[in-house]
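The form predicted alone is given below as one chain in structure tokens.
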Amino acid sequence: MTTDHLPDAPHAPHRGRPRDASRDRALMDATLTELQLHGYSGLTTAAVARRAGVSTATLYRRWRSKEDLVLGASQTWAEELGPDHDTGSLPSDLAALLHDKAAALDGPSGRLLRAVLGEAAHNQALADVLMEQFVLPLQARVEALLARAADRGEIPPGQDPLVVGEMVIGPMVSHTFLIPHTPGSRPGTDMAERLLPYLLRALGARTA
């Protein structure tokens, strides 16, 4: 996950001296921390500004409201699955995807996702951002690896990438977020290894 690109507030005007990128970064870090501690409903712009060590006026010059601030954080901590590489076989392509997904869920983007999923159920703007930043990139990568596998004759053609993407997201998210785990463990990695053989069987993968 990278924070090299920090989004502007929607429709925010640019005037005066250039923005300090270090303040943007501090505000996004603070937003993530406050979301983890208090959730969306408990988050306040004043608490974010205080944690970031800036004034509320500085925050509002960048993000006009609490919703804009959280939307900005969702874009900043968007899930970074990494590029899709052809590893030469479906099992290794799927394993790479699952482990990239696990790393994302175990990192800052996973913590952001855990904190805002409930709010997204009745906040369309946030739901749209999560779809764009978390769901669509995974579906695109699934579609690419399925097409390669079909071309190699590893699976029957015509697999539905939407369904396969959901088969990745569902178990990974539920195992990471809903099941109690020992502090310091990496549940996403554990599920990535356990899920792989089931996905291969579901896809009808041909073995050598």
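Residue indices: 1-based, along the sequence shown. In this text the structure is predicted, and so the values were computed from the model without any measurement.
Keep in mind the form predicted in complex with a further copy of the same chain is missing from the figure; the text below concerns it.
With respect to a further copy of the same chain in the model of the complex, the three residues S92, A95 and D100 uniformly fall beyond 4.5 angstroms at the level of their nearest heavy atom. When a further copy of the same chain is considered in the model of the complex, only one residue from L162, A46, A147, A140 comes within 4.5 Å through any heavy atom, namely L162. Although the partner is absent from this view, I179 contacts a further copy of the same chain in the model of the complex, with a non-hydrogen atom inside 4.5 angstroms. In the model of the complex, no heavy atom of R186 sits within 4.5 Å of a further copy of the same chain. By the criterion of a heavy atom within 4.5 Å, H175 is counted among the residues contacting a further copy of the same chain in the model of the complex.
Heavy atoms of G118 reach within 4.5 Å of a further copy of the same chain in the model of the complex, making it an interface residue. In the model of the complex, the residues of 129 to 150 lying within 4.5 Å of a further copy of the same chain by at least one heavy atom are, in order, L130, M131, V135, Q139.
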